[in-house]
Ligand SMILES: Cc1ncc(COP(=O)(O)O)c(C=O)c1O
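In the form predicted on its own, a lone chain appears below as structure tokens.
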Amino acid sequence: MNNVTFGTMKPIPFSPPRIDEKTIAAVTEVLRSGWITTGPKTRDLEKKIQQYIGGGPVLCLNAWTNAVELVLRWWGVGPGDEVIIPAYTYAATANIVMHVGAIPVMIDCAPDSFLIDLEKMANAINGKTKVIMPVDFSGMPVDYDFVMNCVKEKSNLFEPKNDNQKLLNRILIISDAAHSFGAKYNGQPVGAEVDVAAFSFHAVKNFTTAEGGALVFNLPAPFDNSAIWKQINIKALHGQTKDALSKTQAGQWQYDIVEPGFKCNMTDLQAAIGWVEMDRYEVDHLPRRKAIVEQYAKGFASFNWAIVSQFQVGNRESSYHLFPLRIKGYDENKRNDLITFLAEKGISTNVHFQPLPRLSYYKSIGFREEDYPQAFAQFENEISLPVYFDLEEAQVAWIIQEIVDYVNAHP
């Protein structure tokens, strides 16, 4: 790479949300409406997302974490049950399994991949397995055809514990699609491939509502996905049979509590942010992120120390949520030195993720780092570079130049 003089560049954050005058106007409109909790904007956003994905009913809630925990509870997951997850993911994926008293079964990454090893996943299935929750790391979808075919082929091992489990008569698949809103599977936006898809709309995600998330219900017949939507929505509102908007209708104040539920609803203030972004997501937001990722990939392509992930594989295409760069020959300390160097230059970066078995809690209950060698090989030299809509080409070029100069000087 030719040395380029960039002069004085302004600091680069890691992943700020896309907030512009359209976003501000939409939130202001909701504030002025006087209806700021769950209401018409939230329900409208759900319809927009369902239309975009082409899947079943969509329920927007306050976070991926609470949304998926509600699904685990609806499915009846509890003590003695096992939920298969990757070892390479954020803690939320495992924490919710612990919340319901079940056992997280962690699977290593496939060689030279951030995604779950599908063969090891298949081998881990037994009679206690009630859910498999693969993770679409950085926006790259898992091979969901493999996962679905696997659980169907191994349905003879399934031991149902309640009526819903007897009706499906196989393991439930929940896609941890926290990174992959807008990713493509067979040319279509992800969200309709498995029983339940779960998105995160956290502030750093490529599609955000500040905080929030969404569930997409795609269970096969004879399940009624609209009925499941209602059941989960009740769980998300303290077990209350009517939400605030429904109770405002003439004579409809009275409600019932049918279970001791939770409080997980999305507000119209949050939905307004997503409502704006939905209208421009495919036409300008995703293309800009893709262009940034491609600029990074091209900039590092000629250096044999740069390990660049694939963003399109067969029928799967990333949502370009992250650009995870791995540096051949670097260990964790050398990677951290690079992060510090970039921070001193004003370039914010991150690491995705610390494998779960290295975290204190999961160590304390018996998970060992040495049992997940592929996950730790991915982690120790990974650095996530800034990717966001307003990141400029010149800024991307500067980031590339600083990393190239540093690594060449510190092999």
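Note that residue numbering follows the sequence shown and begins at 1. Because the structure is predicted, anything quoted here is derived from the model rather than measured.
The same protein also has a form predicted in complex with the ligand, omitted here; what follows describes it.
Colleague: Do I292 and the ligand share at least one heavy atom pair within 4.5 Å in the model of the complex?
Modeller: No.
Colleague: Whether A26 contacts the ligand in the model of the complex should be assessed with a 4.5 Å heavy atom distance threshold; does it?
Modeller: So A26 does not count as contacting the ligand.
Colleague: With the partner left out here, check for me: in the model of the complex, does some heavy atom of G212 sit within 4.5 Å of the ligand?
Modeller: Judged by the heavy-atom cut-off of 4.5 Å, G212 is in contact with the ligand in the model of the complex.
Colleague: Under a 4.5 Å heavy atom criterion, is T89 part of the interface with the ligand in the model of the complex?
Modeller: Yes.
Colleague: The ligand isn't shown here, but in the model of the complex which of I327, V83, A178, V71 has a heavy atom within 4.5 Å of it?
Modeller: The residue from I327, V83, A178, V71 that makes the contact is A178.
Colleague: Of S318, T129, S309, S200, which one comes within 4.5 Å of the ligand in the model of the complex, counting heavy atoms only?
Modeller: For this set of options, the contacting one is S200.
Colleague: Using a 4.5 Å heavy atom cut-off, which stretch among 300 to 308, 200 to 208, 282 to 290, 154 to 162 contacts the ligand in the model of the complex?
Modeller: That would be 200 to 208.
Colleague: Judged by heavy atom distances of 4.5 Å or less, which residues of 56 to 80 approach the ligand in the model of the complex?
Modeller: If the 4.5 Å heavy-atom criterion is applied to the ligand in the model of the complex, 56 to 80 yields A63, W64, T65.
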